[in-house]
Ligand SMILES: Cc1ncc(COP(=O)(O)O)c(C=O)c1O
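Below, in structure tokens: the form predicted on its own, a single chain.
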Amino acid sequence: MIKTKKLVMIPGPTPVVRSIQDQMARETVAFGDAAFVRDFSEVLADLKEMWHCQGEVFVVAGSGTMGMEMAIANTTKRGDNVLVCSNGFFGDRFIDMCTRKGLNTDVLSAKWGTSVTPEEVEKKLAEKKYDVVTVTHVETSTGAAAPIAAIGEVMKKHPEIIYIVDGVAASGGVDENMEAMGIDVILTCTQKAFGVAPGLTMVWASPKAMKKRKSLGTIPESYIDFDKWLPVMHDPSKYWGTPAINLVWALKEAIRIMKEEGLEERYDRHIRQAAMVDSAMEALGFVVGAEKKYRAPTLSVYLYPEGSGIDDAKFRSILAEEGAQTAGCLGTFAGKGFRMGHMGNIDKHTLVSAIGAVERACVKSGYAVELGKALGVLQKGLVNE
């Protein structure tokens, strides 16, 4: 029997297109190779321009979690006050990091499927002096997006505070303009909306953030210290830690694809296609975990229809056999549904195949659906794409 191709539809890693795969398959060269140094320099320049960063950008081998630690390590010192705006599981990850560093950490938590609001942030900042505020742009555990631009307007009234945005599940798929939104640090990684394999973290830092780093002097951290990497980011022929050469090439190709599509169109496409997928799933009776006004364009949580009798583990196993690998839910949503990514460089064929697999998995799980109903909803949207 021919084995069904399995689409990676989890919230990350996302599918990697052939041209990016080809870059990862190139013969590795020395990090000081003149052509590679030029390529790395172009990647850094593009990232600064595309995110409207007037400061510095760091591209370092590591995960998105390392990017979170890098952001905290270079903007805080023991005893600083930090406000963590958490919309779920990964927003909470900042709490442990800050506590371990000896920071005084307060938490603004949103109900799962919603987001902390600008009004809540403003109220909290009026009550206490903070050094840093963190916000998760898209919460991977809930599929909810935070209003980072509106929160940024609040932060502009407090120029003494460093505004950190976790863009792991957003950057490259949702608009993030550092200058316009008043953001001081954005962090992300390659395997989400950039559509590259895991392995690189990217951290943008505003001039204010770099000034804060300078004021800290020597920090306890080494590998994630901005000051260790700054000479390399200014001249990639210099050495501090070995760069992930083939992933830098892959990132360069991902950036080329993004620029060719156009960032505004890329952001709009994510919004359009997310709405189509959500509508298709709702046609089958599934419930989108995030409230409508907070729904992220890059991934969604789909809760099983009430009374459907669907067993979570069994359903996701069948769905994988039918060709779509999805992720289980976390925290409040655990066992109640699954998480599906719809970000990066996925095309119409991928979306159609994924929704077709969901329909088949429903039937095989004993949940009666009209085959083609969700696909019809999706196709009506895609026909105009």
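Sequential numbering from 1, following the sequence displayed. Treat the numbers as computed from the prediction; the structure is a model and nothing was measured.
Missing here is the form predicted in complex with the named molecule; even so, the following discussion is about that form.
When the named molecule is considered in the model of the complex, only one residue from S317, T332, T28, S63 comes within 4.5 Å through any heavy atom, namely S63. Out of the listed residues Y294, W229, F90, Y304, F90 is the one that sits within 4.5 Å of the named molecule in the model of the complex by at least one heavy atom. Residues within 4.5 angstroms of the named molecule in the model of the complex, judged by any non-hydrogen atom, belong to 168 to 176 and to none of the other stretches in 253 to 261, 168 to 176, 229 to 237, 126 to 134. For the three residues R266, T298 and L351, a heavy atom within 4.5 Å of the named molecule turns up in the model of the complex in no case.
In the model of the complex, the named molecule lies farther than 4.5 Å from every heavy atom of T76. With a 4.5 Å cutoff on heavy atoms, T140 counts as touching the named molecule in the model of the complex.
Though the partner is left out of this view, M68 does reach within 4.5 Å of the named molecule in the model of the complex, counting heavy atoms only. Among heavy atoms of K192, some come within 4.5 Å of the named molecule in the model of the complex.
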